[in-house]
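Just the one chain here, the form predicted on its own, laid out as structure tokens.
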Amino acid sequence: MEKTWRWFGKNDTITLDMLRQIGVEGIVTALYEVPPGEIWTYDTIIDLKNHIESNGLNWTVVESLPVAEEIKYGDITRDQLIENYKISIENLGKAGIKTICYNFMPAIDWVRTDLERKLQDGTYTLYFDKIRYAYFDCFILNRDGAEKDYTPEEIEKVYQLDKVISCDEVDSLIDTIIVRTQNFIHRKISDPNTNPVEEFRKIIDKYKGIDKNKLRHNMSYFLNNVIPIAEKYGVKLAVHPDDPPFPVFGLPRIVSNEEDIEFILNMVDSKNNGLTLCTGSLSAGEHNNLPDLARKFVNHVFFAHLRSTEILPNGDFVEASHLGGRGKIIEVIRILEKHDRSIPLRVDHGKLMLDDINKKHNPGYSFYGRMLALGQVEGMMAVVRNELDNKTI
């Protein structure tokens, strides 16, 4: 597998020279300055590709070419937006960039309630607190019918939290869920002159009447339009699983489990229609067994995100060490390495540690934490390759 790294462009404080020195082989990046729905021009793509190559690396994967919300909820403008997407695929293919990671998560990409949960060793990690998430849903977002999505025991805890939560904690929860986790991945929920909660409500409102079947229908419409262009230019589309892999804020989720993935791969029978296997996102659902999923879908895995989570008895989950947790990364590596294709992988997220703690890295994307994770993953890869060489697996 090819070792890659998510890099946030020329303004990223983590430089390409730093990445080359720690053994990174390929770059995963995007034109983050281009709003969703707009065309990625060939010249802009080539400019960034040349910059990466001038630093001795390759632009291996696009993460991501974002699917506009209007495509997901089926707005009357979707046909034009899909045409724009097809042009962007064509331009990427002509530029020699052949793998696109994308997602079909409505309204919000990923959800955490704490971006700096302190661990016993003094490092920090990402955390999902189910009761604080429910508090945001019921008391801050004030979503109609939200309480029906939780057990009576959970609602009681939410009401108890409401009695003691501070204004600063409320502001932090808003900032964590719909500002900091979204603003660096194409989807700017808010700007300084808007109310982020109101802006988020407006986006969610667009999905009224959109259930799982309708969202699947809209995804099928999208894929059936864009896959032929991907085939023509040799570009592989790799859908990213939902994070977390269960419904949030009353929104449907359609890439959360084995049945979902199989359904999507059958939407369009094409060797260019595939999966980003994210061991972190999928392992946050108790219903998912990552080695089983890797084994079943290995022929359709075009890209791998390697991280892990641990689900706690109260329904919370925490991002775990790459050596532990439910992701079972070494078992997944065994399955992927036995395959006869070179699959790009990147260590996904990393602990906040050392002097990165006071730096302004994007949440989950610290330097030292990911460098530690890369070393751990390289070690696992070396073990697996030795096993393969000696035919012990």
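Numbers follow the displayed sequence, beginning with 1. Not measured: the values here are computed from a predicted model.
The same protein also exists as the form predicted together with a small molecule; that form is not shown, yet it is the one meant from here on.
**Student:** Can His349 be called a contact residue for the small molecule in the predicted complex at 4.5 Å between heavy atoms?
**Tutor:** Yes, His349 lies within 4.5 Å of the small molecule in the predicted complex.
**Student:** At the 4.5 Å heavy atom threshold, is Tyr368 in contact with the small molecule in the predicted complex?
**Tutor:** Contact with the small molecule, no.
**Student:** Even though the small molecule is not shown here, does Met105 get within 4.5 Å of it in the predicted complex, heavy atoms only?
**Tutor:** Heavy-atom contact with the small molecule at 4.5 Å: present for Met105.
**Student:** Going by a heavy atom distance of 4.5 Å, is His240 a contact of the small molecule in the predicted complex?
**Tutor:** Contact check for His240: yes, within 4.5 Å of the small molecule in the predicted complex.
**Student:** Going by heavy atom distances of 4.5 angstroms or less, which of Cys101, Ala134, Ile178, Ile89 would be at the interface with the small molecule in the predicted complex?
**Tutor:** Selected option: Cys101.
**Student:** Using a 4.5 Å cut on heavy atoms, which of Glu154, Asp75, Asp109, Asp260 is close to the small molecule in the predicted complex?
**Tutor:** Contact with the small molecule in the predicted complex is made by Asp109 alone.
**Student:** Just one of 63-71, 321-329, 44-52, 352-360 has heavy atoms within 4.5 Å of the small molecule in the predicted complex; which?
**Tutor:** Single hit among the candidates: 63-71.
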